[in-house]
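Only one chain is included here, represented as structure tokens and corresponding to the form predicted on its own.
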Amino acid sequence: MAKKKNPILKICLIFFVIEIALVYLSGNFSRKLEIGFSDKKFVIRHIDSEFNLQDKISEEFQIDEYYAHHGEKPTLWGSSKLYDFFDRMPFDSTPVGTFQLLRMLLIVDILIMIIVILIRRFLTFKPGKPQILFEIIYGSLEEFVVETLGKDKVYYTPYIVTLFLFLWICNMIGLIPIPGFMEPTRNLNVPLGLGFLSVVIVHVSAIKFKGAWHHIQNYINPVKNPLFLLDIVGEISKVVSISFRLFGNILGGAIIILVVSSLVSFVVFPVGLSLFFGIFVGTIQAFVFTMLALTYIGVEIGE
């Protein structure tokens, strides 16, 4: 019997040949293909290009500093007005980075709403594969909530599930090969905001179950708690710890992919790196952040 050809292997082989051809034609990135408009004409041309890893890292992760250093004025979706709007904002010195972050957060929010609408609309007694997958995720996180907080506090499950899905989609969206797409969690503002929100929910929960005065006494009563200043610093450190863990892992993974990719001329190996840091590390970090938020709630309301 003739062996069946593996379509995945065939696709990978074709992809490998294309990558090698692109590197060869580009002269190891000394030339690049430019497609766009020039002098109000649509052009496709092969132009000289110089690949500089330091500039590439700056352009990827410090885009506003990159444009300021090169004296260029970037265009966002071809709109100079949009850039000027962000550039005129008195409290923002990173107009391009701000625009990119807000755009990606909007895309993530839209994706979450689409997922929720589709799941709610197509709920059936005999579930399909997407519904089964979502039920597994929801059920697993619900078990963690019950084990940590108890059955009477299972109503925390929607918050935990939403937090996990939001972080997971944020970490995964950078894998989509569309120029300008990035993980929102590699911008410190997102992990820091989520960390601050998580700690706020912890204290709101503690006030709900213990009472406001009883909870506040744990931090401002020097007789009952002579080391109350250390406890206050500890609460601040929770925000820093939970936020920088997520931020460091996602940003570090993105930098490693870029550096290693440049060393191997962006051929094949970066695909494995993207799968590892994007899917595996991204999923683990979303889970770790969610479990830490849940644990903080359990410790505070269980005292």
Partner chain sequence: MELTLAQGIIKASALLGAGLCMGMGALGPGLGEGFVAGKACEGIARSPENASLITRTMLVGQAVSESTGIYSLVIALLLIFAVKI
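Just so it is clear, the structure is predicted and the values come from calculations on it, not from any experiment. Numbering follows the first chain given and starts at 1.
Although not depicted, the form predicted in complex with its partner chain is the subject of the following passage.
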Please determine whether Y66 contacts its partner chain in the model of the complex, using a 4.5 Å cut-off between heavy atoms.
no
Give a yes or no for V260: in the model of the complex, does one of its heavy atoms lie within 4.5 Å of a heavy atom belonging to its partner chain?
no
Does any part of L275 reach within 4.5 Å of its partner chain in the model of the complex? Heavy atoms only, please.
no
Counting only non-hydrogen atoms and a 4.5 angstroms cut-off, does Y159 reach its partner chain in the model of the complex?
no
Check each residue of 235-260 against its partner chain in the model of the complex and list those with a heavy atom within 4.5 Å, in sequence order.
S241, F244, R245, F247, G248, N249, L251, G252, I255
